[in-house]
Structures are given as structure tokens and as C-alpha cells.
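Read the single chain below, which is given as C-alpha cells and is the form predicted alone.
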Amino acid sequence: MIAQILFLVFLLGASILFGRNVAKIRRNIKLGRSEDRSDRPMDRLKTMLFVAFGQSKMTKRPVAAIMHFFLYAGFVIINIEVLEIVIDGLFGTHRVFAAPLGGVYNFLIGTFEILALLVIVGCVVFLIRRNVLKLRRFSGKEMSSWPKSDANYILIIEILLMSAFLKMNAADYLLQQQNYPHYIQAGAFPVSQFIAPLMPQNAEFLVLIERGAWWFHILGILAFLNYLPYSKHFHIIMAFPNTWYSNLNPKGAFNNMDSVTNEVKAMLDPTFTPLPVAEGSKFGAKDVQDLSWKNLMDAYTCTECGRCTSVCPANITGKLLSPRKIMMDTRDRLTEVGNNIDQHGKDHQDGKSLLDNYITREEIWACTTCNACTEACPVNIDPLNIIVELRRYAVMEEAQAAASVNSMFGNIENNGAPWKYAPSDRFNWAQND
């Protein structure tokens, strides 16, 4: 009973803490302005199943896709084994699913072991790619310190958890062979049976190993669960809602601002009824509260994989812009705003903003708006939309823009086109010499 009570305390504590952290993230996302993403539910379901569940956009990089599939399948399927561990921990049973599932149980345990081994292989490959091969897309000034360590921590944790699972099964396998009480004949052990000969044969010592690995595995999972909200690996959860709320419009189609639409349509049609505009709204975005809730959800979903930055033409040619950094900066600023609310109340102003304090003007004007970053993202994140909103604020609220943009604006005002030529000279190119 003592073990069951301890397990219940750990389970409830971890669940409550995780719920509180998720509630804070949900609160932070809701700080963004409203945006309707409830249309076309069947298209949204298809997108979520295809992109998040089916991992379709991962296939553009085959090696990473295969290794990631090992981790993804292991995470999803081994949760069935975690459910059994939770029931065993609460009721003091051992392999509670063995009797009702019969021969299927042996197949499941065997599958779990193979998946656990593949997860370990995938994690080792990813560690080598990051720390030995040092692939370029895992580098960058935004990938120093914590972001770099975070990825390694997760991979090491997953190796330890899967190793504990296999070690637990190896000890269980030996105890079953010895007909030790409580260890019923159940499960197939295609991987751990090869670990068993390396372990001591003393039954009491094997019980200590099996119980120790059991506790390490489940407590490690509970700790990992509460680590996720502080990590880029929160995309394990966020990828599904984020792809559901994907932008289904054609890439490159910008969102019109109601306040501007009202003015333009009123000029063209005096009978036009103005669209409702949110009170106190501004042009574009200076801080995270000015972005939409979907932009903020994108920030929490970012995997920091660097695919967006690796295909960004501005970054490739040495410009300061990194779409990954845009998402990471947005998330860091949003977290800071959320912490300020917790400590000082919702009306607290710290004198900082996303634009200038986190993202520089040089970064936003380096963007070519080519949409390569949004196309490359494996979970349909849209860094471009954030960049455009920051640009809108700079131009329409502050009247500040890059010199080349100001030149274009002047040409449009004077010549009716982005070019410096007078309207009367536009067809000169068609005249024969």
C-alpha cells in the first residue's frame, strides 16, 4: 500500500503541475488578438491528419524523416504500455493487461521492445548529427546556450527512459523463467532477452533491478511531461492543434485590415457600411499582444529544427534574418509577458516590445516574403505573417521603412507604379528603334 500511495501522490502532483503549466500557455496564447480559424472543418481535419499525424512534410529530408518516425511511433504506441504501468502502480497489480489480451499481449510487448530499440537508435543518430557532424541548420546565434542544450537533454532523456524499459523487461524475463511469485508468464521479449544474460541471476537482486527500472521509467515519464512546456519539444502536443488551425488560404494572400478596408471602400462607395473594428486596434504589431492568437500558437509549436532558416534566401545570402529566430523571439517575449502578468498583474508595462527589443528592423526588412519558410515548416508555422505585421506597424504607425521601400512608396505616389518612370513612358519598351 505504501508504494501505491506514493505512486498516487507522484501521479497527482505531476498531473496538477502539468495542468497549471498548460493553463498558463493557453492564457498566454489568448493574449493575442482574435482571428477566425473555424472554417472548412473537413479541410482542417485532413491537414492535421496529413501533416501532424502522417508526418508528410518530414519526408523532404529522408534520413531525418525515418529517425523521427522511430521516435514518433515509439512515443505514440508505447503510451499503451504506460497506461498499464499506471494501472499497476495504482492497484498493485503486475502486467494487468496480460490476462484479458492473451496472445495479443505478447505481440504488443514485443512491438514495444522493438520500438524502444528504434527510439534509442534514432536518438543516437540525432545526437551524432547535432554534436559530431554539426549540421549547419542546427547552428546559428539563436541556437546557443539553452536551445542547444534543450535538444540534447531531450534525446538523452529518451535514451534513458527506453533503456530503463528494456532493463525492466530483461529482469522480468529472468524472474518469469525462475517462476518467482507475482511475476506471471506474460510478454515476448525480442530485445531484452539478449540483455538478460548480462544481468545477475539472484532473484532478490533481480526484483530490485526490475522495481528500480519500473520506478525510474514511470517517474521519468512524469518528469518529462512537466519538462515539455519549458522545451521546444512541446510541439509533441501542439503540432496537432496548430496544423488544425493552419492557414488554408493560398500562400502569399495577405490579410486585409478592416480599418483600411473601411476607408478604401468608403472612398469608392459612399453607401458602404463600415466593417466592425476592434476598439483600440492599431496597424500591424509592435508587441506580442498585437499579433493574432494563431501567431502565438505558432511560437509555442516551433520545433527549432531550422528547416525554415535553411531555405531562407535572405539567411543563405548572409542577411541577419532567421525565420527560426523570429519564432523563438516571439515565444521568449510572450513568456516574458506572461511572467509579468503572474508577478505584477495584467496591466503591467515593462517598457519592452517584440519589435526592437527582440526582433530588429534589419531582420524584418531582410525578408523577401517568398514563403519558403512556411513551405518548409513540418508543422505549418507561418513566420512570414509575424514579419509582415511588424512591417505594417513600422510603416503605418511610425512611418518608418527601409530606404528602398520609401523609394517605392514615393514612386507609387508620384508615378502610380513602383518604378521611377513616368506613366507616359511606360510603353517606350514596345516602340521599334
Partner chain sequence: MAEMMAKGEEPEILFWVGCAGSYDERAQKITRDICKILQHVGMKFAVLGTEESCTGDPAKRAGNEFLFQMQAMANIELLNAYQVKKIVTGCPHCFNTLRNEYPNLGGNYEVIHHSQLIQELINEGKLRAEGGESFKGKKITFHDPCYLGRANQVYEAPRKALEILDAELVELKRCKSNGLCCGAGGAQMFKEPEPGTKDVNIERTEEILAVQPAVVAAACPFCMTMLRDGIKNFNKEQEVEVLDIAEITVKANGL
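Quick caveat: nothing in here was measured; it's all calculated off a predicted structure. Under this definition, the rigid core comprises the largest set of C-alpha atoms superposing within 1.5 Å between the forms. Numbering follows the first chain given and starts at 1.
Quick note: we don't show the form predicted in complex with its partner chain, though the next part is all about it.
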Contact test in the model of the complex: Pro313 vs its partner chain, heavy atoms, 4.5 Å: yes
Exercise: Ser15 in contact with its partner chain in the model of the complex, heavy atom 4.5 Å: no
Its partner chain contact in the model of the complex: Ser34, any heavy atom under 4.5 Å: no
Asn255, heavy atom within 4.5 angstroms of its partner chain in the model of the complex: yes
Listed residue (Tyr245, Phe283, Phe216, Tyr153) with a non-hydrogen atom within 4.5 angstroms of its partner chain in the model of the complex: Phe283
Heavy atom within 4.5 Å of its partner chain in the model of the complex - the one residue of Lys352, Arg137, Lys148, Lys265 that qualifies: Lys265
Interface stretch in the model of the complex with its partner chain - options 78 to 86, 201 to 209, 256 to 264, 115 to 123, non-hydrogen atom within 4.5 Å: 256 to 264
Within 4.5 Å of its partner chain in the model of the complex: residues from 358 to 384 (heavy atom criterion): Glu362, Trp365, Ala366, Cys367, Thr368, Thr369, Cys370, Asn371, Ala372, Glu375
Large Cα shift (2 Å or above) at Ala422 between the shown form and the other one, core-fitted: yes
